[in-house]
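Only one chain is included here, represented as structure tokens and corresponding to the form predicted alone.
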């Protein structure tokens, strides 16, 4: 089955695709502001610790389950189940996963469209089209619809080309480009006045609240959600991995790349905020707290870019192009989840399926835009705050409690014959069985408390 449905042709291709799924808008704008609001380097240290101790085991659960089934999440959960009832619960979990992935893409495409619009606005500014630039950076229905359609068309085009010619090919191109642009922007911003203040806040730890449940759960939530866990994106990517690959090693590399880009983004965003403050742009609310993430991206940074003249326009284009790439690599994995399910379960043609499902998501995105105040925040809360933790919990339960231990071990042995003697097998099974579900429930409980 794996051969007919596609398979990553190289380890590098998989790492770029999986890292692209993990590295999204949240890594580049969300993580740095979380760090700044939660003790700087203290939050950073807790985040790094929890990523490798807890988020990595949950990631491995999805990757191993996906490769074992070489199929979509519905079929994968059914395959490891024993009784009829457990199989049906697994199928419902898989269906819920691709539904949540589709809902998440419906709001994500709107935000990604804004990124693309701001990127084009910088080009319009360079060409002297001030009126067009103003329209592109103004919140309007037709601008929003146009650019969400453009963004989804790019996503659908990549997915419709398949695993090798679509997902892998473009991930191998986009992820290195993202990394290069991020490094270039960091180097440039650090040369500006005020940058060192932001850098000190990012790197100087405030340990006064490092053991507070609030900081720990925030750091864990950032680690868990930044790895795209809970909706089956990593499961479906794992299903395209060769049986000869060492999954614990691959999962570790993906985690390391994701964390590295999130940390590197902190060297860009926090110094940029204090460069803006130095240039007279306000970055604090009336209460003294840092401004919200969306205000930072779409108001503060553009105002900063405007204060540094022509170089600012070039930096603006580079920054929003970077954000568009980050959004695209994540959106690819979101769309692949429902497309893989439909093509495999109903034997449909991938190209047609991708455009039909993408079209349905685009229509739902337009409904959100027409009812923005009521639906936008609701869909974000429903998918990321409530649904994703519960689905992540279910994946851990099926791998830790439902899947037979000998069959699980046999799957990991395919690419790692000596796994039984290593540290991974001595720790990971009980981690994913006991610790991960409890922590995920902790995240969910925090979400219920607001």
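Residue numbers count along the first chain shown, from 1. Here the structure is a predicted model, which means the values were calculated and not measured.
Below: the form predicted in complex with a small molecule, not depicted.
Colleague: Should the three residues 225, 233 and 333 be counted as contacting the small molecule in the predicted complex, with contact defined as a heavy atom within 4.5 Å for each?
Modeller: Answer is yes for this spot.
Colleague: Look at the stretches 64-72, 396-404, 26-34, 409-417 and give the one with heavy atoms within 4.5 Å of the small molecule in the predicted complex.
Modeller: That would be 26-34.
Colleague: Check residue 436 for me: does it contact the small molecule in the predicted complex (non-hydrogen atoms, 4.5 angstroms)?
Modeller: Because no heavy atom of residue 436 falls inside 4.5 Å of the small molecule in the predicted complex, the answer is no.
Colleague: Just to confirm, residue 17 within 4.5 Å of the small molecule in the predicted complex by heavy atoms?
Modeller: No, residue 17 is distant from the partner.
Colleague: Does residue 108 make contact with the small molecule in the predicted complex, using a 4.5 Å heavy atom cut-off?
Modeller: Yes.
Colleague: Quick one: does residue 51 come within 4.5 Å of the small molecule in the predicted complex, counting heavy atoms only?
Modeller: Close contact is absent here: in the predicted complex, residue 51 is far from the small molecule, nothing within 4.5 Å, heavy atoms only.
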